[in-house]
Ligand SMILES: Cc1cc2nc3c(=O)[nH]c(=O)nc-3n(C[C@H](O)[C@H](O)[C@H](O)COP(=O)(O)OP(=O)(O)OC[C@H]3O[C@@H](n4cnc5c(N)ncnc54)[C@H](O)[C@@H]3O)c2cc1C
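The chain that follows stands alone, in the form predicted on its own, written as structure tokens.
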């Protein structure tokens, strides 16, 4: 059983298939150089390592050893897995599919090498509720807009498809559990207080959210000063929790039905997660650094390293933008409303290439997930699937007043503005007092018009987009 971003025992179809086939050896491949190339950050690596320790303990109780093998680049993985297979005498390899381009190329190479050496391979779909290619338009083409995708997804999804599979039974006597103190050179203690790991922790977060907060999710999810979100994204990103487990828990709240007034808005976010996985699987150019709308690759983005650095450090002079960026720097996580606000600020106010922001987020986020991160960035930059229209440009001042009306979150993240009144918090220069806080890096009205002109010019050159 080859574990990847599916670090759980329950609802793991590849693990169940392996256990039904005979004695199991589990493995995880450490690809340090490839992770660096993919901008996987230290917080995520530390969380990944802690999640590995947790799944190792659970596997050990089932009598299944977990072995770590080194393969610095994805090209090294087929040979490393074959060597382990020959060493342990296994005759079949099981794994759950991953969908970005490099991962698919790696997995295809593994299948080829294994089968050439007489080792059978089974690839299952444990990371989505509906595998890519199963939700198509009437013309049998992939969806590029979320809402019709969601309608078709809901039409096609049957209860059996999101009912989690049970954890496998023990395979034998308990074995010693592998334990890591670091992963790819990163100490696992990094972020451990804020982000405890493991399947049980993930389930506890899910239960708390559904029991206490989901009924207010629709009304509170956009307000970073409230406890309005599920706090499970990190666990979904490493697979300690599955989307099917989330959907099934929602259906239990709704007496067997997936849809219900208390859970609909949250379930929509799980469907978005599937949607972005379908996009990266079925539109391979998205995994290669290209815009989904290929003509937008020729947008004349600005080369402004000092402004990029100011955005990264949270010193743009726009309080809500800076509060979001400092939350990211300080915690490795950012509220979803702020991910949109900060991404749109970089791409529209500063006209800096979305790829710089995408990479920075991946380097910082404990829940860094290529499909969701790429989808979100391209949505904000108006270059992606179902993207916000290019002329829709958030006003960061208005966004602050609307979504942090009491200033609770902004004052927490920007203590230098803590004493400002609500009236002046999002326009601090109007307070008329000296502040240790920068002037706005760009004027909103000017930046908005500049972005519209650039995008309008691009659209006129490529009218089919």
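What you see is a predicted model, and the numbers here were worked out from it, not measured in a lab. Positions refer to the first chain, counted from 1.
Below, we refer to the form predicted together with the ligand, which is not included among the displayed structures.
Enquirer: Could you tell me which one of 124, 229, 312, 203 places a heavy atom within 4.5 Å of the ligand in the model of the complex?
Expert: It is 229.
Enquirer: I need to confirm a contact call. Of 367, 107, 386, 353, which residue comes within 4.5 Å of the ligand in the model of the complex, counting heavy atoms only?
Expert: When the ligand is considered in the model of the complex, the option within 4.5 Å is 367.
Enquirer: Report the stretch among 185-193, 248-256, 82-90, 233-241 that approaches the ligand in the model of the complex to within 4.5 Å, counting heavy atoms only.
Expert: Going by heavy atoms within 4.5 Å, the stretch is 233-241.
Enquirer: With a 4.5 Å heavy atom cut-off, would you call residue 360 a contact of the ligand in the model of the complex?
Expert: Contact check for residue 360: no, nothing within 4.5 Å of the ligand in the model of the complex.
Enquirer: In the model of the complex, does residue 377 have a heavy atom within 4.5 Å of the ligand?
Expert: Close contact exists here: in the model of the complex, residue 377 approaches the ligand to within 4.5 Å, heavy atoms only.
Enquirer: So in the model of the complex, is the ligand close enough to residue 327 to count as touching (4.5 Å, heavy atoms)?
Expert: No, residue 327 sits far enough from the ligand in the model of the complex that none of its heavy atoms falls within 4.5 Å.
Enquirer: Please tell me whether any heavy atom belonging to residue 269 falls inside 4.5 Å of a heavy atom of the ligand, as the geometry stands in the model of the complex.
Expert: Because a heavy atom of residue 269 falls inside 4.5 Å of the ligand in the model of the complex, the answer is yes.
Enquirer: Residue by residue through 338-364, which ones have a non-hydrogen atom no more than 4.5 angstroms from the ligand in the model of the complex?
Expert: If the 4.5 Å heavy-atom criterion is applied to the ligand in the model of the complex, 338-364 yields 339, 340, 343, 361.
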